[in-house]
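First, one chain by itself: the form predicted on its own, in structure tokens.
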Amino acid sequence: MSLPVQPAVLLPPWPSAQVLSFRLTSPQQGKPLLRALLSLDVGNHTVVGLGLPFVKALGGNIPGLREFPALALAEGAPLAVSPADVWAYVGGQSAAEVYDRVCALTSQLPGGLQWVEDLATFTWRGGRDLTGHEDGTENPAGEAALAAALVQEGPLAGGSFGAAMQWEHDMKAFAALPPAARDHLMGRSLHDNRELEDAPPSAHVKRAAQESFDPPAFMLRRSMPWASAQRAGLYFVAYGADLDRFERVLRRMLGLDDGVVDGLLSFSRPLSGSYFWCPPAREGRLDFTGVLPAGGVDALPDVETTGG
């Protein structure tokens, strides 16, 4: 029997998408928000995630769900975090299609929510990062993708833990580097995406090689570029059967394990970071097993979260 996953978790990134996340500002918003989420048809185009404060306020217990870690960059600056109660990634074939879907989704939400993220993303040149390098080259495929992205057994089977980070690239600094230096930062050739044998230990592909961890840190990445006239970067999204695998990769990128900082951080900085539980879906509707009490929404008291 196939797992009851939100379909868009497993699908390639859309041509166009939008990230939405928000916090409750009043306990009275909780039940209307839950009803809106339960009636939402996620289809093949929307992934919904729940933050730890919201899950706890509902009386739910998702083992392994936690807040984004309080880590620091190499220079000592704290890593940016953006805790939210609910996160959604809405995709489509065009910005117009995404706009219609976002309007339909947000029209169902209770008023007065505090918006955390509202960011348009897009697929660029066949799935490349704005540096020109291919993104997600070593994503697992087929059965390996299912094993990496989804909880396989128990009441939470089919669900996934989501990690999201908005990264801003200094595109001028990157462009000013000689082509060979750019390739060595990433560890791959821009020309043919070949992994470089002489790449330094700080090369991104070496710091983030999922098979090099013990246990391996395989996850399914669904990142997309974002840009305005003045700023640009990558909105990183990864789905995993647990959050430990993502955190092991992040710690190594930051140089917390051995002092070697990922070359990516020489021209890119994280602006946000958050963790979510992406529940299973059945016939297009979210399954809140493990989150809601037996009596469903009506059995809940007013929902009050403690997210900052």
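In this text the structure is predicted, and so the values were computed from the model without any measurement. Numbers for residues come from their place in the sequence shown, where the first is 1.
Below, we turn to the form predicted together with a small molecule, even though it does not appear here.
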| Is it the case that Leu52, Gly240 and Cys278 all touch the small molecule in the model of the complex, with a non-hydrogen atom of each within 4.5 angstroms? | no
| query | Hey, in the model of the complex, does Asp170 get a heavy atom within 4.5 angstroms of the small molecule? | reply | no
| query | Can any non-hydrogen atom of Ser268 be found within 4.5 angstroms of the small molecule in the model of the complex? | reply | yes
| Can any non-hydrogen atom of Ser94 be found within 4.5 angstroms of the small molecule in the model of the complex? | no
| Hey, in the model of the complex, does Asp183 get a heavy atom within 4.5 angstroms of the small molecule? | no
| query | Picking from 111-119, 216-224, 146-154, 83-91, which part of the chain touches the small molecule in the model of the complex when contact means heavy atoms within 4.5 Å? | reply | 216-224
| query | Among Leu33, Val48, Ala57, Leu250, which has any heavy atom within 4.5 Å of the small molecule in the model of the complex? | reply | Leu250
| query | Of Ala232, Leu196, Val205, Val102, which one comes within 4.5 Å of the small molecule in the model of the complex, counting heavy atoms only? | reply | Val205
